[in-house]
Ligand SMILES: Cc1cc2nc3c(=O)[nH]c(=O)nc-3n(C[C@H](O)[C@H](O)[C@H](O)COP(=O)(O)OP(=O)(O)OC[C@H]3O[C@@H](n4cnc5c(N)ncnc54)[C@H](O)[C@@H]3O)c2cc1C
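One chain follows as structure tokens, the form predicted alone.
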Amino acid sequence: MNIIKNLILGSGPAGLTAAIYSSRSNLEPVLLSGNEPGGQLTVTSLVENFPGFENGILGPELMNSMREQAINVGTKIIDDTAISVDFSKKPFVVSTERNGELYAHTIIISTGASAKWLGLEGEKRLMGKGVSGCATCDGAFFKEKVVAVVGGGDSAMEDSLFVSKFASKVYLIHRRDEFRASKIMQDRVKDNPKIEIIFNSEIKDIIGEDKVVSIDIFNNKTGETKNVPLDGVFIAIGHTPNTSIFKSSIDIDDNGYIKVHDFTKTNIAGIFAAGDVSDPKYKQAISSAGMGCIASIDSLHFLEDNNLTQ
């Protein structure tokens, strides 16, 4: 039986950073790239908040560079997806779509989270061209522009407040007649003169060829549809952590995120989690990369403590 010392699931900033650190620690890591190689940054245009790139860098280019760096320092990358796991035995077992079963002494779960979308054709066509799922990442691109934020929870409130620092006007669109966000966040939004709240409404179409030029808003109370010219649309209706195959094997919170303590340790010794899969709050590429670094070091310490480095 070939037992992998350090198996990494996922190829976003957390997984690839973990791979780089594990390779440099002679852990001979194996990384499963998953069904979304590179993670959410592959559908992001210019990234200006990742250190080291004075003029920014395209999301796909950043992820390709991280992948090549991981390979160059010794990571074995398998372009395959985990479909089931068994953490009840040692070594741990991960079943894949095309490569059968893999056995590992330690596993770093960095499968990320997928943004929830409205499901509109224009949303997909204009992704990275005015449509975004990350206000913190892209808000600064809309200085003195008009934008819309969609959602009714704390994330939508936070996104609206953040982009209002740059945009000249923000439409906050919610399909119900009241928000589910905390009162303090609602009050901050209502007190912001740049933000106009539109209740009982849904975006029915995002219009534009090479960039967003307007949206069609449907009022589900009156049945009326109106066209609103603007420059950007931020979708803030939540994220879904990619944890479905782990739910019966590891502790997960009510929202689907893996529970960790001491930064990356799960309830199972030898299993670690890093990045958006265990981070419901920050969800940034740089914080995910930092967690990937920590998870790798935690894996090394576990292997050393259990005499499994040889």
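Computed from a prediction, not measured in an experiment: that's the story for all the values here. Start at 1 with the first residue shown and count on from there.
One more form of this protein exists, namely the form predicted together with this ligand; it is left out here, but the text below deals with it.
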Select from the listed residues 231, 123, 80, 154 the one whose heavy atoms reach within 4.5 Å of this ligand in the predicted bound form.
80
Just one of 146, 237, 198, 127 has a heavy atom within 4.5 angstroms of this ligand in the predicted bound form, so which one?
127
Tell me which stretch of 250-258, 279-287, 264-272, 22-30 has a heavy atom within 4.5 angstroms of this ligand in the predicted bound form.
279-287
Is residue 296 close enough to this ligand in the predicted bound form to count, meaning some heavy atom within 4.5 Å?
no
Is residue 18 near this ligand? Define near as a heavy atom within 4.5 Å, in the predicted bound form.
no
This ligand contact at residue 37 in the predicted bound form, heavy atom, 4.5 Å
yes
Any non-hydrogen atom of residue 102 within 4.5 angstroms of this ligand in the predicted bound form:
no
At 4.5 Å, heavy atom to heavy atom, what parts of 1-34 sit next to this ligand in the predicted bound form? List them in sequence order, or say none.
9, 10, 11, 12, 13, 14, 15, 32, 33, 34
